[in-house]
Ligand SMILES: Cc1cc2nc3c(=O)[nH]c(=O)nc-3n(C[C@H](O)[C@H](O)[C@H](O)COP(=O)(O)O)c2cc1C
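Just one chain is shown here, as structure tokens, and it is the form predicted alone.
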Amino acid sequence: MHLVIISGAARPRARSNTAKIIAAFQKGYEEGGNTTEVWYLSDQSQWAGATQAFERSDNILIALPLYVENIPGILLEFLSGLRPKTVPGTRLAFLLQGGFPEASQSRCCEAYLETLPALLGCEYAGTLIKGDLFGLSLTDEKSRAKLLAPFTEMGRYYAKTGYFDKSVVDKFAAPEYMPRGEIRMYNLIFRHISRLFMGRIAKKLGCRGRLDDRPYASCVR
């Protein structure tokens, strides 16, 4: 079975967490002799090819990061240019990843994604959700492999079923909400460690101001 994968991430492929997750998913999906092709919307020269792949394929997966509780603008622009399919039978699934550890943070986007296949003349094949992946590109190779291993397993699962079953997805996405004990512990101790960690990341990315700066606060009344 051939699978067309479209990455809706805005970051270039080399810096994209979504791209790393796709590669892990492909590994599992292709183990049984299946094939894949991937199109990256961060490279606009691939948009025409991605559009053609969407039009000719009946097995499609769109992978994306969570942006402000929903889909990235680059993906929304691409989707708005697609023509709905007139022949039934195309399965459209989604792989949604984000930095928040709680699956509840992705539920708004999941609800939106559930509506898209019908608008595009496709059948909804489920949405795979996983959070707590912000630091994927910042970890060492061993830690990264551990974080990506579950996606390889889900690639095997999807190759067998062709569908992300809701019960399986919810188990994979856990926790839905962080336990209150962990939240209290974070507020007491790890908040300060996280602040220091994020500050170092910001400096590496070129940030020179305070992370908690509110330059427009005086304008809000």
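Don't overthink the numbering: it's just position in the shown sequence, from 1. This one's a predicted model, so the numbers in the text were calculated from it and none came from an experiment.
Note that the form predicted in complex with the named molecule isn't included here; everything after this is about it.
Contact here is defined as any heavy atom lying within 4.5 Å of the named molecule in the predicted complex, and by that definition each of R15, G98 and F134 is a contact residue.
From the list 43 to 51, 154 to 162, 23 to 31, 65 to 73, the contact stretch for the named molecule in the predicted complex under a 4.5 Å heavy atom rule is 65 to 73.
At a distance threshold of 4.5 angstroms between non-hydrogen atoms, T90 is out of contact with the named molecule in the predicted complex.
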